[in-house]
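So this first bit is one chain, no partners, the form predicted on its own, shown in structure tokens.
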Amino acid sequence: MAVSEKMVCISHSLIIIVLIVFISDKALCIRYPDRIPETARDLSDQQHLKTAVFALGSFWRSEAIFGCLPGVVRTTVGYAGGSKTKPEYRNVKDHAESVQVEYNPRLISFKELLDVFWSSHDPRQVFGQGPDVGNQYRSIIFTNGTEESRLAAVSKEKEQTRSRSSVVTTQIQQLGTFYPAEPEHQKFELKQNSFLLHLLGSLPEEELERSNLATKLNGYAAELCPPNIQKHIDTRINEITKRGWPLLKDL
């Protein structure tokens, strides 16, 4: 074979090798989003989101309770209601374990969130909830503005009328600073389920905390979704696993 022909063969071989390396590298770098790209309507909805904060016992369970509700976009656990700056899980001082709920008021109202709040814990229990005893587990509705304070007061009175033999101990408090809890406490119920985490594509911690899908699956993992939503998610998961374990991108 002539030298020029050898050079051509070597050149072609190098091109093929470079292409293989390039394609392989790209394959390793593929990131599967946890949701479809935001449309103009999605962005518009994001601009209209509101935030509510509640304390109703352990924030692991509280986050799961609100995560599956239609209209709830994302949830974050943290600390609120106290005076300490930058509280920590092992040193919350006078703060209460709380959940911040970001929601679309076009799909769910603050009043409806209040209904879920009352039905999801015992507002008459003093100094804790169930087996969780301590001031950090007290019951609080945090409000932003006069209208939310009014709705909270009306709902508390309604709850009190259910039984006059015991006092509703829930506090209604103007929201000050909400301090997000440490990463290991976010989406806690979901993190106990490796199967669901794999379906999400093993998202990095920061993406997991902000993910709308993770928010819903956190409630699903704890079996705290409304029955119809729990059943819907069951069906979606069964569908995709039958197809050979593709990633879950929407519900």
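The shown structure was predicted, so the numbers you read here are calculated from the model rather than taken from an experiment. Start at 1 and count along the sequence shown; that's the residue number.
In what follows, reference is made to the form predicted together with a small molecule, a form of this protein that is not presented.
Asker: Is Phe59 a contact residue for the small molecule in the predicted complex, using a 4.5 Å heavy atom cut-off?
Answerer: Phe59: yes, in contact with the small molecule in the predicted complex.
Asker: Does the small molecule come within 4.5 Å of any heavy atom of Asp94 in the predicted complex?
Answerer: No - in the predicted complex, heavy atoms of Asp94 and the small molecule never come within 4.5 Å of each other.
Asker: So in the predicted complex, does Tyr89 come within 4.5 Å of the small molecule, heavy atom to heavy atom?
Answerer: Taking the distances in the predicted complex, the answer for Tyr89 is yes, it comes within 4.5 Å of the small molecule.
Asker: Does any part of Asp122 reach within 4.5 Å of the small molecule in the predicted complex? Heavy atoms only, please.
Answerer: Asp122: no contact with the small molecule in the predicted complex.
Asker: Let me know the one among Tyr137, Phe178, Phe110, Trp118 whose heavy atoms come within 4.5 Å of the small molecule in the predicted complex, would you?
Answerer: When the small molecule is considered in the predicted complex, the option within 4.5 Å is Tyr137.
Asker: Looking at heavy atoms inside 4.5 Å, which stretch does the small molecule contact in the predicted complex, given the options 51 to 59, 203 to 211, 64 to 72, 216 to 224?
Answerer: Contact-bearing stretch, as computed: 51 to 59.
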